[in-house]
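Coming up is one lone chain in structure tokens, specifically the form predicted on its own.
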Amino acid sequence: MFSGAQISLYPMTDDFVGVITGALGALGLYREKLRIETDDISTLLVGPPEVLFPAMRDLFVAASASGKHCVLHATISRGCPGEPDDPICVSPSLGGPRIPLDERKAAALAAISETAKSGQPVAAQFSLYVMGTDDHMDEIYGCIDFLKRSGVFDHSKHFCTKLRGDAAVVFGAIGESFTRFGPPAGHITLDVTVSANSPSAA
């Protein structure tokens, strides 16, 4: 399977270069477990979800520690039939039989209940797209039910769900949404925007 994210980080400050380059140090722990490619629009992170989401979290928390308004946008995908399998993406959370939806929701809730807090409050919105299955809305509604019980659900918006809370729990909830819903070996995509230190938080 192939899994990864195209991410772009936007610090709202004159010193945006300094904030970005400083935050990149947070990826040091993950560089041997991810394939990382950067161009003038975004950075590609390729690897298993259990590495991918902590790496994005730590990058964003490091940037947000500047106190400046920071936004991260990510397009995240797994199982795309147009991408070749990559050994770096092998993960115990992907593949295998699909267990009942209620069991997956319970497992997702248990996982985020054990998440250590980062101390950085964030807001986020994201959309889950379950591709190529007739029961995609059952999976999406199941994910929304999980989010409503996750402790970081804020409210539903047109085309997306808004979350608010500690960065570690928010990224954890998004990661659980990515791995627990939809076929285990199926094509799943997320569109994610995360914001911290916004002057217009509401």
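Note that residue numbering begins at 1 and tracks the sequence as displayed. None of the values given here were measured: they were computed from a predicted structure.
The following text describes the form predicted together with a further copy of the same chain, which does not appear among the structures shown.
a further copy of the same chain in the predicted complex: within 4.5 Å of a heavy atom of each of 57, 146 and 183?
Answer is no for this spot.
Exactly one stretch in 24-32, 40-48, 58-66, 168-176 has heavy atoms within 4.5 Å of a further copy of the same chain in the predicted complex; which is it?
That would be stretch 40-48.
Contact between residue 127 and a further copy of the same chain in the predicted complex at 4.5 Å, heavy atoms?
Residue 127: contacts a further copy of the same chain in the predicted complex.
Taking heavy atoms only, is residue 77 within 4.5 angstroms of a further copy of the same chain in the predicted complex?
Yes, residue 77 lies within 4.5 Å of a further copy of the same chain in the predicted complex.
Using a 4.5 Å heavy atom cut-off, state whether residue 82 contacts a further copy of the same chain in the predicted complex.
Output for residue 82 is yes: heavy atoms within 4.5 Å of a further copy of the same chain.
I'd like to know if residue 119 sits close to a further copy of the same chain in the predicted complex, meaning any non-hydrogen atom pair within 4.5 angstroms.
Because no heavy atom of residue 119 falls inside 4.5 Å of a further copy of the same chain in the predicted complex, the answer is no.
Of 131, 101, 88, 109, the one that lies within 4.5 Å of a further copy of the same chain in the predicted complex (heavy atoms):
After the contact test, the surviving option is 131.
Residues within stretch 1-15 having a non-hydrogen atom within 4.5 Å of a further copy of the same chain in the predicted complex
Stretch hits, in order: 2, 3, 4, 5, 6, 10, 11, 12, 13, 14.
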